[in-house]
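Just one chain is shown here, as structure tokens, and it is the form predicted alone.
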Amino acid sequence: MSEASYIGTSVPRREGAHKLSGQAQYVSDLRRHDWLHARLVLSPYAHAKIERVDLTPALRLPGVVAAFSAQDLTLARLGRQLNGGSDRVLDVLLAHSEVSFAGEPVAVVLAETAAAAEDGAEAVEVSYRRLAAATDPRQAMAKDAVRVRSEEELHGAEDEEAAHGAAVGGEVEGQSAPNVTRQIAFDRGDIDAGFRLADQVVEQSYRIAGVHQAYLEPQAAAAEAHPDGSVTIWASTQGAFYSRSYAAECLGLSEEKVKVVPMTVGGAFGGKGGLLEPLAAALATVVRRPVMLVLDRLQDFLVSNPGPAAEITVRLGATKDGQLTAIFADMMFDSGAAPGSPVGIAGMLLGGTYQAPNLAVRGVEVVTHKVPVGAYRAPGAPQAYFALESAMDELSRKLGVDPLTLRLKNASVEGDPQVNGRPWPRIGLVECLEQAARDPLWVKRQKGDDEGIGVAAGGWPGGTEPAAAVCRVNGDGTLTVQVGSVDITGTHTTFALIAAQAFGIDPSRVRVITGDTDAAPYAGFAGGSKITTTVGSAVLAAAAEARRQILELAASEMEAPADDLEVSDGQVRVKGVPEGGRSVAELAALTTGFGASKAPVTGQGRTAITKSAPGFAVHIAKVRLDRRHGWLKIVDYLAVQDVGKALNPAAVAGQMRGGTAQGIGRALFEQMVYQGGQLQDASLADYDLPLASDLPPIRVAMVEVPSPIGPFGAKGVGEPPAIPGAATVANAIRDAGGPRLTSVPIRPQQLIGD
């Protein structure tokens, strides 16, 4: 290892300048003279039979080259969507005989320009016969409810949880109702006896709305077919290898016939990992010209995969001294028109954050005639913790116990059982609670009239997955690190620090690149707070192997045992002898170019992370209320988080503040509003997002409980900060004399009172 320490140094994100200056290239920036532009025709109905699709009017328009309904596209087979966990045949291509949500694609028009394609799509005539729609999940669970999908389409899926490294089990076989596609159950002890032992019991139902990821760049993909039957896809994707597998299965191709080129991603938050790629590739294959498919904002809201709504009932029992005796939860997740909700993750976290000897957690996933859901930052966790942490706050009030003291008394620690019986690994929940308890915002708790201070916790299990990386020493002594993961949150900057530290060279001399799926080593989906752990560990191994090779080369040139040598600041020296030695550049020059006599220095790193590194956060908010007018202002906010080891503290702080902002968005602003199966706020003008002026100053405090599996002790940090926000704000409102709010987003009319 290098004597210089680059780990823990705040450095700017490398891709930031390209994005801020407009130099970053997104899918829609690709320029070719022969592109055909695709435009989707969407169903206006939540549930209907397709009786006729007339493409002729579109084909008559100038610039229109082709138009297709589902019957016009013949593929080998349709497959499961590997990202998102949904058997979403509807989103793979086009609806065939029936549509199952308003916005489902039924036809597509190809034209020489985007404007001509839009005109063509508007000209397509589709005849529908409207059918009864099940849009309310409670009604959809009724025995006589209209069926959203056929039996063969509605087998549950855990791919969402697997992609985020959080598949936890608990599956209950069999369907209790036509539209219930998944059931989970976790039990421990005797739940009834646990509540009999309790001196105080609280019970309440909570609702959290479905939300859109609201990224800046809409969903986009482009594709080109080749004479050998292969296809190249350019995609705005969080996981190039996921998109490749998804497209290959849908198209009936082997994976080596599909090349995915990951482009710059203009925001994702879990929503981009396989949506348009198969359709773009299918169209390119049929018309034998490259195809560009970019959704506009309205279509993105209607077609893409938002975060699910949920209803959760929580019942907690505790003795008078604050010891939990029983935890009961009953969860229902609205999955939209296909399976794939994170109900399992929610159950794991809700039942495992605090310890009680008696536990019963139940959950169901229900399909409805709404757009199918996918992932949104920390899928399942904001829903679970809004319910759990609101209930914990009410319990502390009934017991007369300090809210943080109650949490500390019952917080899970290493070795405690999770809901599935597996022991928790090393976690920092207690340390985060203790850090929050020491903060002046909590210690002093200074508040005026109509002000309140609330606290809530949240956690994320952390991701597991294999990954590989390559570290090449160039002829001038610089390093090139190649990975297969997409840089969405500044991970390439962190990888450069990891490689620099492991090799012994300044980070400015390390370049990190993402290759396409034909060239890059494997990496998983950039989500679930796992890329730093999985790919970062592979980068560490690759750089360490490159260092071993350069020391071996230096040993032969310097006539010294490799074990007696070290690499520091780009120089190879004898340990303890700062003078002399050879530069890495001198040695690397022996391995490249004409007449070079030494083998190239190329380190490969492979890892298979099978143990998770959970991360927890604790937030405190101070709010000011005007109950006469239903007005609320957050005046102070603290985000505490266990980050394992902050490899790049500036980037970690950015993740913590950004996630907190999204949590506040869920608390006060964001929801997808449906009426009769129609989305009412399908634009950024109507979908309520927090503005910078709506956010308080967000202070961050990093707690470092090193992970035994992450590089230099690091943990993924993306998910935890987005989790506690809704409960934190709701608990602060309660502390200010407001009502116990049981649904989010919180609206002004909920705050009006005496």
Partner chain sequence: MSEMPGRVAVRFVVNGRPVEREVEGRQSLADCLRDGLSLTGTHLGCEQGVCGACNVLVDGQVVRSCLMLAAQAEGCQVTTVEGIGEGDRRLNPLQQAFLDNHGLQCGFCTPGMLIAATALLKENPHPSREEVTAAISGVVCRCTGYTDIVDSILAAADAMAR
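In this text, all values refer to a predicted model and were calculated from it rather than measured experimentally. Residue numbers count along the first chain shown, from 1.
Omitted from view is the form predicted together with its partner chain, to which the following refers.
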Response to the item:
Exactly one listed stretch (41-49, 721-729, 22-30, 701-709) reaches within 4.5 angstroms of its partner chain in the model of the complex by non-hydrogen atoms, and it is 22-30
Item to complete: Could you tell me which one of 422, 548, 611, 297 places a heavy atom within 4.5 Å of its partner chain in the model of the complex?
Response: 297
Fill in: Contact residue in the model of the complex, from 354, 206, 376, 242 (heavy atom within 4.5 Å of its partner chain)
376
Worksheet entry | Partner proximity in the model of the complex: residue 128 to its partner chain, non-hydrogen atom cutoff 4.5 Å | no
Worksheet item: Are any of the heavy atoms in residue 317 no more than 4.5 Å from a heavy atom of its partner chain in the model of the complex?
Response: no
Discussion item. Can you work out whether residue 746 and its partner chain are in contact in the model of the complex, taking contact to mean some heavy atom pair no more than 4.5 Å apart?
Written reply: no
Worksheet entry | Partner contact for residue 734 in the model of the complex: its partner chain, 4.5 angstroms, heavy atom | no
Discussion item. Using a 4.5 Å heavy atom cutoff, which residues in 654-670 contact its partner chain in the model of the complex? It's fine if the answer is none.
Written reply: 654, 655, 657, 658, 661, 662, 670
